[in-house]
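We've got the same protein chain twice here, in two forms, each standing alone as C-alpha cells: structure 1 and structure 2.
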Structure 1
C-alpha cells in the first residue's frame, strides 16, 4: 500500500471510524486508505458495515468518532453535496433516481452544472454509456426501466458527474454477467486515468477480477486491509464469513402433479418485454429456473403469475383453483412472492414484526398474526440481524432486508404451495445465499412448486431441476438441469437458438 508522492493529493484516508445507530455499533475503529488509480474492494458479510462505511466516506452519514483526510487535509463533509464538491461520489445500494424523470433529467437534477442544457447532458451520458459498452434508454422515465438498467443508469449519472473517488455499493447485485463485464472494463479505464473506485460486492470472483486493494469487514471491524493480489477466493471467503458449510446436496425429488400452470400468456407492461404466447407448467416438488438476459420478459411473467398484471390473453391457475385469480386470492391459496426489488415487498417504516405479520392484514387472510416468540424465532431461523422485532425494517442492512423478505415468504406463510422468486439471493453474502437456496429446496421437497427467475445464470443453475430460457418475451428453450450447459443456455439467452418450440429439447 505505498502511495507515491504525486498521487498523494487524492488519497482518501479514514482513521478509526466508529458509527453507532443507538445501541447498534455498525462500525468499530475501522481504518481504510483509498488510493487513486486503484479499485478498492470492500467486502464482508451482510450487516458487516460496508454500506455504513461507504456512506461515511460519501458524507451521507457522519461518523460517531474518527477522522478522515483527503489530500492530507481534514475531510469532514457535512452532507453528500459537500463530499461531491470535494470529488467523492457514491452510488447507494438503494437506488436514488427519481422515477418520474428520465436519466437525462436525473442528471440535470444532480449534476454539477445545474443549468447545463439538456442536449449536452444527453451527449455526455450517451458517451459514458458507450464507453461502458451498455445500452440504457436515456429518455424514458427511469421507473419504466428494468432494475438492471436503473442500476446502470445510476452509475452512469454518477460517472458523468465526474468524481476522483467513486464509491459503488453493490452495483453488480442486480446485473447480469454481460453488463458486469462492460462496467468493469470502464472502471478499469477510469482507474488508468487516476480515478479511485471503491467497490462493494458479495461476489468474490469480481474481487479477484478487478480489485487492487481489499478491505474486509466483519461485525463492524476491519479484519483485513491490504492488497487483493495473491489472495485466493477461498481465503477471502473465510475472512468474510468464516468456514462455509458444504453446498446443499442435490437429492432427486419425486415430482407430483402440476401446481402452477400458465397457458398462452400474452401480456404487456412498460417495464418489460411483451409476453408472446408463453406456456409454463410447474409441478409439485419441482424447481423451475427461468433464465434470460434482463428484460426478456421474466419479470412480467412473474407479475402475471403472481396476479399483479392481468394478461391480455391466456390463463394462470394455481393448484387447480379458478383461473385468473387476484393477487390476494393467490396469496391466500399459498403463493409466496420474492420480487426482483425487495423494496416492492417490504415497508421500511414498519417494524420487522409488522413486516412479518403483514399478510395477516390481507383481505380474507388465512395467515394469522404471529406472537412475539414466533417472530423472534422466524428472525433467527433466517438469520436476520439484528433480530429485534421492534426495529424498523429501514434499519436493516440491504442483505438483512432480503433475509427478512425471505423469512416472511418462506417461513411465516403457512406452507406455500408455490413460490415465485426473482433473484432470491440478491445482495446476500455466500453463507446467507446458501441458506436461502436450502430453504427453496426444502420448500420443493415439502411439495411446493418453485419458480426461480433471474438474469444471472448462476442463480438459476444453483437450484433448478429444469431450466426455461426466455428471449424477447418468448420461451426459447426448456431443458432439464442435467442438459443445461452454460454454453447451451448462454446461446439461448442471446437469442441464438432458433425458435424451437419449448417441448422440443433438441436444440442445435
Structure 2
C-alpha cells in the first residue's frame, strides 16, 4: 500500500456517540475509528443505528452527545457541506445523480467552486478517474450508464469534491455478482491511495471479502469495533441479531394451473431497457425468480405485469381474466405488489396504520380496511420497529419501511392470488430477510403464483423453484433451481454465453 504520511494522518474517530429522536434512542455510547487506506464495514440489523451513525459522521445529523476528531483535531460539522469541506462525504443508496446530466454537469451542480468552468471540471474528473483506475464516460447523460457505472460515477464526483473518507450506503444493492467484484477492486485501488471507505452492508460475505475493520451495531449499541480478520459470517450474524432460527425448509409443492401469463410483451420505459418479445408463465404454488443486473428489463417487466405500464404489444392475464387489466383491476383480483422503490408504494407522511390501509381509499378498489387488532398483529408479525400504528412511516428506518410494505402486501389481509416482489428483502438484515422469504414461501404453499425479481442472487436462489435471467430486455435463460448455479446465472446476467454442457451429455 503506497500511502503518504499526510494521508495516514487522516484518522476519523468517534467517541461515545449517542443520538436520540424524541423518546427514541437511535445510538447509545457508540465509538468507531476509521483508518485511511482501509475498508471499514458497518453492519447491524434494521433499526440498529447504522444510518444514524453514518449521517453523524457525514454532518447530516448532529449527535446528542459524544465527540469526534479528524486528524486529532475537533470534528463537529454543522451540516453536510462543512463535512464535505473537511473531506468526509456520504454516497447514499439511492444515488443522487441527475440522470439527464453528464457526470461533468452533475459535478458542476455540487462542486465547491462558485464559477461553472466546464473545461476545468472535466479535467479534474478525468484526473480523478485515472487516479482511481476507473473508466466512466464523463459526457453522456448518467441515466444511460449502467448501474455499476452510475455508482462509480457518484464515487468519482465525491472524490473530485475532495473526499478522503467515503461513506457508501449499500453500494452493491443493485449490482450483479460480476459488478460487485469490479466495484470492490476499485475500492481497494482507492484504499491504496489512502482513501478511507466506510461500507454499510447487509451482505456478510462482502465483509469477509473486502473489509479490513468492522463495527457491529445492535439496538443502537456497539457490540464489536475492531479488525474484521478471522470473523466468520455466522459469528458476525450472531453479534448482530443473536441466534437465527433455521430457514424455512424447501419442500416440494404441487403446482397448479397457470395463474399469471405474459405473451409477446414489447414495451418501453424511460427508466429501463425495452422489453423485446417476452413470454412468461407462473403457476399456482410456484415461485419464479427473475435475475438480472439493473437496467436489464426486469423492472419494466414487473411494471407491465402489475398493470402500471401498458405494453405496446402482447398481453398479460391474471387467473384467466381479461387481458390488459388496469393496476386497480389486478389489485381487486388479488395481486400483491412490492416495487423496487418503496417510495412508490408507501406514503412517508401517513401513519403506519394509514399506509397499511392505503388500498381501502383507492378509487375503484375493493375495501380491505384492517382493524386496529389486525394492524397491531401485522406490525408485530413483520417485526416493524417501533410498532406504533400512529407513527408516521417517515419515522421508520429504511429496513423497517420495507417490512411495513411487506406487512401490507403479504399480511393476513388480503390473501393474494399472485405476488410481484422486486427485491423484497433489500436493506433487511438476515433475520428480517429470512422472515420475508418464509412469507413468500407460505404464499406459494397457499396456492399463490409468486414472482421475485432481484439483482441479489442470494435473494432469488433462496426461494425460487425456477429462475429466468434477463439481459437487454429479453429472457436469456430459464432454469430449474437445481441447475441454476451462481456462476451460470452470473454469466447470463452479464450477457455471456452459457458454456455448461447439456445435462444428458456424457462428460469425459
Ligand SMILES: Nc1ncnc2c1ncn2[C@@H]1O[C@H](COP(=O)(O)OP(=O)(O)OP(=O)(O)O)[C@@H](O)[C@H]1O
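The term rigid core refers to the most C-alpha atoms you can superpose between the two forms while keeping them within 1.5 Å. For clarity, every value in this text was computed on a predicted model and none was experimentally measured. Residue numbers count along the first chain shown, from 1.
Check your understanding: Form predicted on its own, is that 1 or 2?
Key -> Only structure 2 matches the form predicted on its own.
Exercise for review: Using a rigid core alignment, state whether the CA of residue 189 is displaced by 2 Å or more between structure 1 and structure 2.
Suggested key: Result for residue 189: no, shift under 2 Å.
Review point. Would the C-alpha of residue 224 be classed as shifted by 2 Å or more between structure 1 and structure 2 after rigid-core alignment?
Key: It does not, since the residue 224 C-alpha is displaced less than 2 Å between structure 1 and structure 2 after the core fit.
Check your understanding: Which angle, in degrees, describes the smaller rigid part turning against the larger between structure 1 and structure 2?
Key -> About the hinge, the smaller body moves through 22 degrees.
Point to revise | Cα displacement of residue 102 between structure 1 and structure 2, core-superposed (Å) | key: It moves 4.8 Å at the C-alpha.
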